[in-house]
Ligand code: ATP
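In the form predicted on its own, a lone chain appears below as structure tokens.
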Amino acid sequence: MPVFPGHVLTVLDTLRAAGHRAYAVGGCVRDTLLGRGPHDWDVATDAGDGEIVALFEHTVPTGARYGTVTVLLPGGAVEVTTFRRDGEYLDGRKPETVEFVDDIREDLARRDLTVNAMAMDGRGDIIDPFGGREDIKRKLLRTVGDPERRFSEDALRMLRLLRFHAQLGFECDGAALNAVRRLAPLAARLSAERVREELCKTLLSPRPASAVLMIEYGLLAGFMSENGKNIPAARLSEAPGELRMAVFALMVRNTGAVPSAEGLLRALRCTARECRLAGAAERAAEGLAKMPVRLALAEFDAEAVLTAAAAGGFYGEARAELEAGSFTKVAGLAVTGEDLKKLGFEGRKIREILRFLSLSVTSGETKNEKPALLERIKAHYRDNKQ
């Protein structure tokens, strides 16, 4: 018998005590069977949304059209949805209509993958009409029913297939992959936010290289040209998670598929931080083409250098240089802008001289001592106008 968190068991028991059937469904069942702690819990029930609201003190009507109510309990939130059958999908994303039904199996039949189409009651009994448990044992990702129909209904399911491939390490069914190749143009209908979410989850997975499959199968064609291929995907695993989106964008730019890494992330509606990092990494990459890592670390932001190095295949070297501290940034110099003002320098010239000194110290040409730095300035700048 699985150990449900207390707040989930409360939802299941409350619905059952009121005469309703209720099951944990979807990814939380899959992850429970895999021995992974689910982050989110979804419950399906034959109770209508009005009955759900009446049974629990704190609720939020998060999807009234689809019969979804979020129940808020001290242990966490649980999304509770009435059993339903979906109508036609005309926009390639959501059903035009839904019909509420009494049978959990009908509800499971509308789901994307067999491993996500199982239900579990409070006692641990599992309803598995499409062979999800067997597919978990085989480590196989199959669609519920015909893959072309599933992907035509909702194009996001194609990205989800590759995302689960990355997260779970399961193989994708051949028929499903063939359908992705044929139907990839439908992904152009998806919002940038939805695409970004699946791409981000893939990049943060244990197998971030699967993100490149999204390009190879044409699922990101709305954001880049077709020549965004032959990306050295293995480099993604070397970079820490917080850098991977920018590393991915920079590698795509390096193939010529997009004019700008920062522009790609803006098009995908990524965070302002990720966009800024991508832009800074592009500038650092230009610097790294002309100077060793040590000097680049002195001149550019460390995260930008690490991102550019990861995209270029030498993240380990850059990380080692950063940890060794074998560089001196402007802020670490033994002279300051105030010292240069006393020598008669102003404005941009001060910034230029400080940069010059930073690189001179990092390269070993000058000691980071005030007398040596001032002497270096005199030797290099014969007068204040130079």
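Heads up: residue numbers just count along the shown sequence, starting at 1. Here the structure is a predicted model, which is why all the values come from computation and not from measurement.
Omitted here: the form predicted in complex with the named molecule. The next part is about that form.
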property: In the predicted complex, segment of 350-358, 313-321, 47-55, 25-33 with a heavy atom within 4.5 Å of the named molecule; result: 25-33
property: Every residue of Asn116, Arg157 and Lys201 near the named molecule in the predicted complex, heavy atom within 4.5 Å; result: yes
property: Phe164 within 4.5 Å of the named molecule in the predicted complex, heavy atoms; result: yes
property: Contact of Glu338 with the named molecule in the predicted complex (heavy atom, 4.5 Å); result: no
property: Contact label in the predicted complex: Glu303 to the named molecule, heavy atom within 4.5 Å; result: no
property: is_contact(Lys342, the named molecule) in the predicted complex, heavy atom dist at most 4.5 Å; result: no
property: Option touching the named molecule, based on a heavy atom within 4.5 Å in the predicted complex, out of Arg253, Arg294, Arg110, Arg196; result: Arg110
property: The named molecule in the predicted complex - contacting residues of 30-50, heavy atom within 4.5 Å; result: Arg30, Asp31, His39, Asp40, Asp42
